[in-house]
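As structure tokens, one chain now follows by itself in the form predicted alone.
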């Protein structure tokens, strides 16, 4: 099923993200995590593309398994920064052959020391979206950044690039993780004023490891509000307490988002079904999913 249709049909959606194994030996562990998350009946599961294309061969395979064997709609990520146009077209063909109808189009991280772009590469995600749109009847998702992309000189420039994605055929957007809901609300108003009217899913990461989140935010530029930093300082050295507090923080974020009219929640699960399950349970009545 196409995600754009799911977003139209349901008043509120909740989806999850997993990432492929870094080593083929870890493949079964990722599949087990996917099965655990699929058992929660999310509206869809997204499967990321390996860093620098490194584990991309497993992305389509796992996305197909989620859809065909686990009975949950899937979306396969596709990046272009480390691939030629021919390689991108080949992967699009693989996704089509696997019966996956949804693609999340991303430029991706530029490999260290690489020349980018070369003449035979896509430079922007908008170019990749145009290629996917020409390659079949896919539902296409894109990424957006409530705090602005770290490579853009201004938020206005970032919104110009985002509008280009939508104009090229992007059906919906998913935000980078954020920990202050007011950042999202301000972003949504700016995006709407910029003519961006496709659905925007709020990307939420339950933080259960203080060292992990500090490393991620250093790379992404994500701001950590004082309330969040206080939680890290208080519970960061106590794994059990940090896990419980992180789940509670994410739950409260989601409740506030839904209360303020946000219709799509996307959980960055870090391949942890137990974390996702706890949040689904906390939100069972809020989401009308008492059976989850």
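Positions refer to the first chain, counted from 1. Keep in mind it's a predicted model, so treat the numbers as computed, not measured.
The same protein also exists as the form predicted together with flavin-adenine dinucleotide; that form is not shown, yet it is the one meant from here on.
Student: Test of understanding: in the predicted complex, would residue 140 fall inside 4.5 Å of flavin-adenine dinucleotide by heavy atoms?
Tutor: Contact with flavin-adenine dinucleotide, no.
Student: If we define contact as a non-hydrogen atom of the residue within 4.5 angstroms of the partner, is residue 145 a contact of flavin-adenine dinucleotide in the predicted complex?
Tutor: Residue 145: contacts flavin-adenine dinucleotide in the predicted complex.
Student: Within 4.5 Å, heavy atoms only: does residue 108 come near flavin-adenine dinucleotide in the predicted complex?
Tutor: Within the cut-off, so yes.
Student: Quick one: does residue 103 come within 4.5 Å of flavin-adenine dinucleotide in the predicted complex, counting heavy atoms only?
Tutor: The answer is no: residue 103 has no heavy atom within 4.5 Å of flavin-adenine dinucleotide.
Student: In the predicted complex, do 149, 152 and 161 all put a heavy atom within 4.5 Å of flavin-adenine dinucleotide?
Tutor: Checked in the predicted complex: all three residues contact flavin-adenine dinucleotide.
Student: Exactly one residue in 253, 64, 58, 48 has a non-hydrogen atom within 4.5 Å of flavin-adenine dinucleotide in the predicted complex; which is it?
Tutor: Looking at the other structure, the residue within range turns out to be 48.
Student: If the cut-off is 4.5 angstroms on heavy atoms, which of these, 210, 175, 181, 217, is the one near flavin-adenine dinucleotide in the predicted complex?
Tutor: Looking at the other structure, the residue within range turns out to be 175.
Student: Pick from 131 to 139, 86 to 94, 191 to 199, 71 to 79: which stretch has non-hydrogen atoms within 4.5 Å of flavin-adenine dinucleotide in the predicted complex?
Tutor: Residues of 71 to 79 come within 4.5 Å of the partner.
Student: Going through 268 to 285 from first to last, which residues have a non-hydrogen atom within 4.5 Å of flavin-adenine dinucleotide in the predicted complex?
Tutor: Only 268 sits within 4.5 Å of the partner.
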